[in-house]
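Okay, so here's just one chain, in structure tokens, the form predicted on its own.
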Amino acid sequence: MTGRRWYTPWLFLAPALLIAATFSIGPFANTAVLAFTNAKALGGGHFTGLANFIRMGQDDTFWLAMGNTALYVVVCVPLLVTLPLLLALLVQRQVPGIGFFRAVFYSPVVASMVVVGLVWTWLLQSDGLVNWVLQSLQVISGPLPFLTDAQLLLFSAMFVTVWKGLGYYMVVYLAALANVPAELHEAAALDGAGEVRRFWSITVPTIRSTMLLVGILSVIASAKVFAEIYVMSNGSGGPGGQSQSLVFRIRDVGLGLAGETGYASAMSLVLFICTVGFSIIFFRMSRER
């Protein structure tokens, strides 16, 4: 028997580390450096200290995008944490045909966000199916401007994000629910505990770590939203750009030959810090409970 060589684990890790360094760590470090320069798309730029961040504080469009992104996180994260759990509890039941409904709920996950966005754009147009149904049921007297009103467009994009994420997080919850000891539910039922009491006293504490994971993933996904707003606003960011997210704004600033790479990098760095901050807040809130 020969002894284990010290570098053997590193050989196994090397491909993954190389990919991470090339496509994640390296670009992040480059973005962090560019954030303190006035670099353009075609120029190297010079060190400008905190100038980009000072400019950011005076940029109304940046704060509009930041506010939309924060609203996106506040609305979408609670929905993406709770609704997939309820859906998982529903499809977990062993009833005939439940496999069909599992596949239906999961199907949006495999669809491209661009395709999903186009489908919902057609559905939410003034003469689309949603307005037609609401008018036919006499819920509204005229078509709702889902895609032409800044706030309605933003909430329509949130709906699409939540709708598409339901199936993915449902599968995560199904895996967690499978590990909840059935004997605990049986013992609690014998003691007279109802389904709601067993859910709060047994199920939720058991899957708390999974809920935390789903929450953090939802924060990250909501903070970097782009495709939904881009597709549903036809690339405009809503009327007057009032529905654009922070990623949308970064793309607008850094795009093209005249793109301000340094300023876009500074906004990217702020987005990263905010995403980490949201995740830490969610993590601490979950631990306190």
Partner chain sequence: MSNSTASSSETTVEAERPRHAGDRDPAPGRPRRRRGVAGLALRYLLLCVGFVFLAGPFLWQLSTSLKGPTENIFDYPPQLIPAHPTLQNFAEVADTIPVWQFAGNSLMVAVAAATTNCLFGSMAGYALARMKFRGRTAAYWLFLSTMVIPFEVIMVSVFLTARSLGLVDTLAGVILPTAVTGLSILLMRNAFLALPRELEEAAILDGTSEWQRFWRVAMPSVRGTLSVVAIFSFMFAWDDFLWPLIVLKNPDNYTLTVGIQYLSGTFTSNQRVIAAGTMIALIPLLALFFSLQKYFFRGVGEGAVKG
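Remember, predicted model here, so these are calculated numbers, not experimental data. Rigid core (definition): largest C-alpha set, two forms, superposition within 1.5 Å. Numbering follows the first chain given and starts at 1.
Another form exists, predicted together with the partner chain; not displayed. Remarks below refer to it.
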Residue-level contact is defined here as any heavy atom of the residue lying within 4.5 Å of the partner chain in the predicted complex; does Ala51 satisfy this criterion? no
Partner proximity in the predicted complex: Gln138 to the partner chain, non-hydrogen atom cutoff 4.5 Å: no
Contact with the partner chain in the predicted complex for Val116, defined as at least one heavy atom pair within 4.5 Å: yes or no? yes
In the predicted complex, does Thr31 come within 4.5 Å of the partner chain, counting heavy atoms only? yes
Option touching the partner chain, based on a heavy atom within 4.5 Å in the predicted complex, out of Gln92, Gln151, Ser201, Thr82: Gln92
Taking heavy atoms and a 4.5 Å limit, what residues of 162-197 are near the partner chain in the predicted complex? Trp163, Leu166, Tyr168, Val171, Val172, Leu174, Ala175, Leu177, Ala178, Asn179, Val180, Ala182, Glu183, His185, Glu186
Rigid core fitted, then: does Val270 show a CA shift of 2 angstroms or greater between this form and the one not shown? no
